[in-house]
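Take a look at this single chain, the form predicted on its own, given in structure tokens.
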Amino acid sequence: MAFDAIVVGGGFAGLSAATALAERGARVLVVEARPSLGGRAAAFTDPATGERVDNGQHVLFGCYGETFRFLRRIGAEDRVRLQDRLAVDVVDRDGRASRLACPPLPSPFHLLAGVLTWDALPLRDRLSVIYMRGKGGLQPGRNETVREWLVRRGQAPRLIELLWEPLAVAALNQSIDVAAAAPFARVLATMLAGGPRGAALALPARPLDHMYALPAKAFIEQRGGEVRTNAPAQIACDQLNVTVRGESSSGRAVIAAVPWYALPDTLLSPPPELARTVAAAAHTAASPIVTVNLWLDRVVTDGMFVGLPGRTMQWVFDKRTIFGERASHLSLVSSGAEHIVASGNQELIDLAVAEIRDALPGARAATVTRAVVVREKRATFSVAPGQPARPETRTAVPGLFLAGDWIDTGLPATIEGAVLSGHLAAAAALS
């Protein structure tokens, strides 16, 4: 069966590429190996509660222009709750609660003013934020880690602990002692370029499949395309054929929107021109995320999310507040979780319960009625110095394009990077 374009992979990258092509009149086939769409940003049904549970809490920023363009295209922009400007509740390691709130000032003065009035920090530490854009601006040195860069920029240790480290670990999914500074600098520059709303946080207001995957599927099908799940595919590079369980489909353009670790098995007999790209994918390290979902017998917080700096679980999100549910369902996230990903479920649950009770007084008398641990061992690619170079969208094979958060967009493994790569691949295919 012939299509104008075939997209292999049904996550943010693949669906943004496919909908961009469909919007321009192309008949698109999307094939996804998993039973449901979403890739590493998907949802599943918890058998005990019957709720749709995300495979991890995914956060957007107001500066995610490509992501919001994708959501507008598929009619799903209202399925995300975006702050007017950045405001974060924080409980430090000593149990002191505070709030970082940025006023409606032009960028970067909104962030500067927010930090300068943040009572969680002594005045001297607050003032160190002024030196962040000192000589050389935000440009990091080659092979400089995030921590090395922040120290060189004169940032106080407590400001690093309460602000920069949680932000960097959330964006890069890696320890600031390991992750390269350049991708984080790109994230900061993007946030600061977007005005007060650019740094604001946005959370999915529905489970991820209903937030974007199913609306994208409907958009594609309404325009004559097809979306198939449970469809593990291989791409024959010589003929641009895509084979799923022995059935072959052809397209004038094929977009491989699979994670880096899946590319070597997706490309069937890749030509020598693709050897470097396949080798880079095979040798790119991964970084895990662990999420512990807790259902409690009472409400323990009024906020949608709380930062927990200095702890193993860096953030807690209240699904009751976000989704409007009646039950208290907390999602605790540990990014860059190499040190705990191999721990047993009960050990992780006990850790999450202890940390949430330490941080939130309302949780100390609460009873846990249900707990579910989610591990994404290859949640993101590593951004440590020395990793293989990330490939471009175009390949040496005419008509074959690459998409995914690991493509060289300049961004780390974020939703925005994935969607940007999908839009770049669609534009290249259309050209």
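Only a predicted model underlies this, so the values are computations on that prediction, with no experimental measurement involved. Residues carry their position along the shown sequence, with the first being 1.
In what follows, reference is made to the form predicted together with a small molecule, a form of this protein that is not presented.
For the options A41, L29, V383, L402, the one in contact with the small molecule in the predicted complex, meaning a heavy atom within 4.5 Å, is A41. None of A363, V53, A379, C63 but one reaches within 4.5 angstroms of the small molecule in the predicted complex through a heavy atom, and that residue is A379. Relative to the small molecule in the predicted complex, residues L82, F184 and A199 are all farther than 4.5 Å at every heavy atom. Remark: A33 counts among the residues lining the small molecule in the predicted complex, judged by a heavy atom distance of 4.5 Å or less. Among heavy atoms of V59, some come within 4.5 Å of the small molecule in the predicted complex. Mapping the unseen interface onto this chain, G336 falls outside it, with no heavy atom inside 4.5 Å of the small molecule in the predicted complex. Remark: V316 does not count among the residues lining the small molecule in the predicted complex, judged by a heavy atom distance of 4.5 Å or less. Proximity to the small molecule in the predicted complex, taken as heavy atoms within 4.5 Å, picks out 231-239 from the listed stretches 102-110, 231-239, 308-316, 341-349.
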